[in-house]
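Just the one chain here, laid out as structure tokens, in the form predicted alone.
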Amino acid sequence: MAESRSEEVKLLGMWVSPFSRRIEIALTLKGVPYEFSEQDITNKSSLLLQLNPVHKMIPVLVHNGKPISESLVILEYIDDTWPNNPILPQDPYDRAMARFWAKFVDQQIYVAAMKMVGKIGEERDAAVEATRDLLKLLEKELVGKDFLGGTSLGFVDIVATLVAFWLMRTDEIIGVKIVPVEMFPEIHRWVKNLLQNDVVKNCIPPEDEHLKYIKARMDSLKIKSV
């Protein structure tokens, strides 16, 4: 456990958000006690707007009164501030590659996957194929590794929980198996490794409640699910 220095650590997040959950994973791995403040993105609190006036989004980490926003930035801040149990590699090249793959997950896989939401027929199939093409690159990166960070859970693994516990849970909603095991055996093996980590297991939302929330959210936005 990290040494307690009477620090204020508060996380403004949302229980279903992969971007919020990844911060919880990092803080828990570091043994950093924190206060969690559940936010409603459909009715943003004055506190959220005050602490993140630029993006007005979660997550926001508040450390001793100073707010930090954007999940990748927050993860690096956590690793710099509490250096025990490092999540980023020490080697400069390896650190650069970790940042590269983390951005790949957020800026390419996530963006492509979101285009599947509410689509049917040929539009949906095209979006699924585009997402799979990107996932094939992640699949290749996992060959011969237990984790995307190498032999232990690291920065990219924490970011890519978005794939493991959000994207891979939406088959029923999208209407097609997006990450079939026969096409992505390495990704499925990696997910099993993630689930053997107690911190990850305890920091992901319960699947039934998670899917129930997504369906309700889609209904409220009048987005069709299959």
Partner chain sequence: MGLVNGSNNDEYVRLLGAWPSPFVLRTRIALNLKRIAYEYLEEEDTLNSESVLNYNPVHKQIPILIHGNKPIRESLNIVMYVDETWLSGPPILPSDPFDRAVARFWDVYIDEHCFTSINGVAVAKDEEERKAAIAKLEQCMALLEETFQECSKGRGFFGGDNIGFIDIGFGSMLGPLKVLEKFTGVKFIHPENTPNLFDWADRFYAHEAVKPVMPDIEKLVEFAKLKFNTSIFK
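Numbering follows the first chain given and starts at 1. On a predicted model such as this, the values are computed, not experimentally measured, just so you know.
One more form of this protein exists, namely the form predicted in complex with its partner chain; it is left out here, but the text below deals with it.
> Report whether all of Pro67, Asp80 and Gln108 sit within 4.5 Å of its partner chain in the predicted bound form, measuring from non-hydrogen atoms.
Yes.
> May I ask you to state whether Gly121 is within 4.5 Å of its partner chain in the predicted bound form, using heavy atom distances?
Contact with its partner chain, no.
> Could you confirm whether Phe147 comes within 4.5 Å of its partner chain in the predicted bound form, counting heavy atoms only?
Outside the cut-off, so no.
> How about Gln90: is it within 4.5 Å of its partner chain in the predicted bound form, going by heavy atoms?
Gln90 belongs to the contact set for its partner chain.
> Counting only non-hydrogen atoms and a 4.5 angstroms cut-off, does Val143 reach its partner chain in the predicted bound form?
Because no heavy atom of Val143 falls inside 4.5 Å of its partner chain in the predicted bound form, the answer is no.
> Out of 33-41, 49-57, 161-169, 184-192, where are the residues with a heavy atom within 4.5 Å of its partner chain in the predicted bound form?
In short, 49-57.
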